[in-house]
Structure formats: C-alpha cells, structure tokens
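Next up is one chain by itself, shown in structure tokens, the form predicted on its own.
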C-alpha cells in the first residue's frame, strides 16, 4: 500500500513538474500560444497568419493560433486557456489596445513572456512587466506615405480637381476606431495635403471595427448615390480590404475615382496592374510575423529577445521592434509581387 502511494506521488510530481515547465518538455518543442484578433481581417488572416505558421515550423517550434472573433472577452478566455495548458510564451494580437494592461497582467501573474503584435499597448502598460515586447510598425508612417503619394498624384493631375475650386474633396474609409493604425492613417494621410499647402474638404468618413471589404463596398455605394456623390475627388482607405469593397462598388456604379489603400496585399497589386487602384503602402506582414516568432523563441529561452536576429528594439521606452512601410505605386508594384 505504501509503495502504491509512493508511486502515485512520484507520478503526480512528475506530471506537475512537466506542466510547470510548460509544454516544451513534453515533446521537445517550444510552444507559442497565439491569436489573431479576427480571422475576418484580410491583412491579419491573409498576410500574417500563414507566415506565423510557416516560420514557426521552419524554426522548429509549435504555434497554436486561435481566432478571437473581434471580442476581447473571448481573447481573455483564450489567454487563460493557454496559461493553463502551460505554453512557453504568448504572442497576442490585442482586440482592444486599451486592454493591454489587463492582458499584460495575466502574463505577468503566470510569469510567461508576452509578445504583443500589430496592436500596441501604451508605454505605461508595457512598463509594468519586464517580459513583454511589441512587434509592429510606426503607425504614423503608413499615413504619411499614403498622403505623400496622393499629394504627388494631385499635383500630377491623377487626382482631378473636378470642380476647379482648388480644394481636394475626399471620403475616408476608416478602420477600427481607437486602433493606433486607423487613427494615425486617418490623420496623417490628410495632413500630408495641408502640409503641402493644399486645402481639403472631408465629405464623409465611416469607420469599421473589422476593416472589412463589405464595409468598403456598402459605404462607397451609398456615397456614390448621395447628394455629394458627384463631388468626390478621391477615396482614401485605411487598408486594402476596404479599398477592395470600394472598387467593387465603383464598378457596379460605372464610376472610376482615384483610390488608395494600405497593406499591399496580392489582390491590391492585381488591382494596380488592372488600373483600378492608384496606390497602396506595404504593411510588411511577413517580416512582422517573422519578428514575432523570433522574439517569442528568444523570450521563451530566457535570452535577449533580439539575440541572433537582425531586429532592433527601439530606444524610446516602447520596447518595440518596428518594421518599415514602403510606398507601392503603378510604377513599382511589380517589385512586390511574389
């Protein structure tokens, strides 16, 4: 009887030890618990998720990616499950950037390293845990580049001053309200005109939490038939997905207006080739995904997160790796085709 009890205790201690050390010790692989805030997002699901999976496999680690369905409550539960499973590191695409502090607190309590990607927490939230880092972009940069492309096209006559009033009349397809990228792209793309001394008039702006193609289609179709439809001189989209919807709406209405997106998805390059999209900005999902995996692996191993990589952490206290944006135009889009 004593031997049986002793044996049971040994087994229990062994299992507990394995769980405490994380799933790495059960199959020899580091396990990354990851999510995408919403699989309906063209960029996140189409550009980042495949690379996260393929690059993790290339690096010999396991990644478990779940869909948070655009709901922070679902993500919170998914993080709890990952922690219970004993994953070695978390790679989290926040649903709501304002929730960063609570997500970071979950990882901190479990003493699990955390890589946030695509949606950034505040410096204050990031400072609360020494094992949290961010991979993404400089949110303002994409809007600046998009704006500069449009300014050049306005000056070249690609964007026509249809009513000859010297004022750019535009409509804006905005992404998720409060998302750093959406806010910065909306602000900076228009600021590029005013910085260049060009007057602007916003005819309409509509935001969408999911950055969806359907949103772009529905809003553009409504705008084209509105009282100001004939006054629109350019459509500015915070991402390619919404631009795709706008293109579909314009085709249905037999209208062609200058339109610009962000992400440089493969479909966007095809639209540029076919003369249906005037420009986009490469949001380098491939390198963001690779940086996320590289940092996650190093963090799980207790190494400096950029060790052995080409990634560089910012020195402004944001604990971030930022991947640069690139302008994609009818003149250079072929360079970005895979």
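Positions refer to the first chain, counted from 1. Source: prediction; values computed, not measured.
In what follows, reference is made to the form predicted in complex with a small molecule, a form of this protein that is not presented.
Only one segment in the set 176-184, 122-130, 223-231, 68-76 has any non-hydrogen atom within 4.5 angstroms of the small molecule in the predicted complex, and it is 176-184.
Only one of 44, 299, 289, 63 comes within 4.5 Å of the small molecule in the predicted complex through a heavy atom, and that residue is 44. The candidate spot formed by 189, 260 and 278 lies out of contact with the small molecule in the predicted complex, as no residue has a heavy atom within 4.5 Å of it.
Among heavy atoms of residue 213, none comes within 4.5 Å of the small molecule in the predicted complex. Mapping the unseen interface onto this chain, residue 118 counts among the residues with a heavy atom inside 4.5 Å of the small molecule in the predicted complex. When contacts are judged by a 4.5 Å heavy atom cut-off, residue 283 counts as touching the small molecule in the predicted complex.
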